[in-house]
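Only one chain is included here, represented as structure tokens and corresponding to the form predicted alone.
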């Protein structure tokens, strides 16, 4: 018989600032090489390799070897959910440069949270969908109405296919910067993917921040009534 979960062992692993920095970078939902993670965390490749090995042993990240390079990603959606929840609880750090301020501003505007849209854009989209009767909040999950299915299908989202997956269909995810919900789960991921394919969103190189294109501004206003600053 197993005992209670060893919560302290996980917390001790992610209590180290460099490990946290790399885990947060992996919340963009893509695979990154160890060298890139080291650069973003501001540490040496050797130090990053040691940290990543510990995180992999704990089941927080997964690694794939491609030739001479090793690529890392978050091990699972629950891992991303746990990190996002901790970010909500954590006090903000002091901004020390204009560059850091600009990067934070971009993150707050729009970013990926694992594989769905977060930030001001994410919570504005969630609110627009509920206001239009497309989504109904049911506890920690959302119910997609007929109106919502028609709206998203017109944008190219294959809703029936999403319902057949084993992943949670649509659930709440508390946004760390806005302290409000955005849409996660299979539906949130599909919407983010479709917005990218439509050319509405573009990833800003070097991190999780997203840019809304002019086509995206027009599309979001037309489909959801969103007017972005």
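Positions refer to the first chain, counted from 1. Note that the coordinates shown come from a computational prediction; the quantities given were computed from them, not determined experimentally. Throughout, rigid core stands for the largest set of C-alpha atoms superposing within 1.5 Å between the two forms.
If you look for the form predicted in complex with the DNA, you will not find it shown, but the lines that follow are about it.
**Study point:** The single option of 43, 190, 27, 31 touching the DNA in the predicted bound form, heavy atom within 4.5 Å
**Key:** Here the answer is residue option 43.
Practice item. Sort through 180, 167, 62, 203 and report the residue having a heavy atom within 4.5 Å of the DNA in the predicted bound form. Key: It is 167 that has a heavy atom within 4.5 Å of the partner.
Exercise for review: Could you confirm whether residue 69 comes within 4.5 Å of the DNA in the predicted bound form, counting heavy atoms only?
Suggested key: Looking in the predicted bound form, residue contacts with the DNA include residue 69, since a heavy atom lies within 4.5 Å.
Review point. Is there a heavy atom of residue 199 lying 4.5 Å or less from a heavy atom of the DNA in the predicted bound form?
Key: Taking the distances in the predicted bound form, the answer for residue 199 is no, it never comes within 4.5 Å of the DNA.
**Study point:** Contact of residue 194 with the DNA in the predicted bound form (heavy atom, 4.5 Å)
**Key:** Answer no; every heavy atom of residue 194 is more than 4.5 Å from the DNA in the predicted bound form.
Exercise for review: Considering only heavy atoms, tell me if residue 16 and the DNA come within 4.5 Å of each other in the predicted bound form.
Suggested key: Residue 16: yes, in contact with the DNA in the predicted bound form.
Check your understanding: Using the core for the fit, does the CA position of residue 57 change by 2 Å or more between this form and the one not shown?
Key -> Passes the 2 Å threshold, so yes.
Exercise for review: Note yes or no: does the Cα of residue 72 move by 2 Å or more between this form and the one not shown after the core is superposed?
Suggested key: Yes, because once the rigid core is superposed, the C-alpha of residue 72 moves 2 Å or more between this form and the one not shown.
Review point. Taking the rigid core as the frame, does residue 48 move its C-alpha by 2 Å or more between this form and the one not shown?
Key: Comparing forms between this form and the one not shown, the residue 48 CA shifts at least 2 Å.
Exercise for review: Kindly indicate if, in the predicted bound form, the C-alpha atoms of residue 185 and residue 71 are closer or farther apart than in the structure shown, bearing in mind the change is 3 Å or more.
Suggested key: They are closer; the C-alpha distance drops by 3 Å or more in the predicted bound form.
**Study point:** Sense of CA distance change between residue 64 and residue 168 in the predicted bound form, threshold 3 Å
**Key:** Residues converge in the predicted bound form, at least 3 Å closer.
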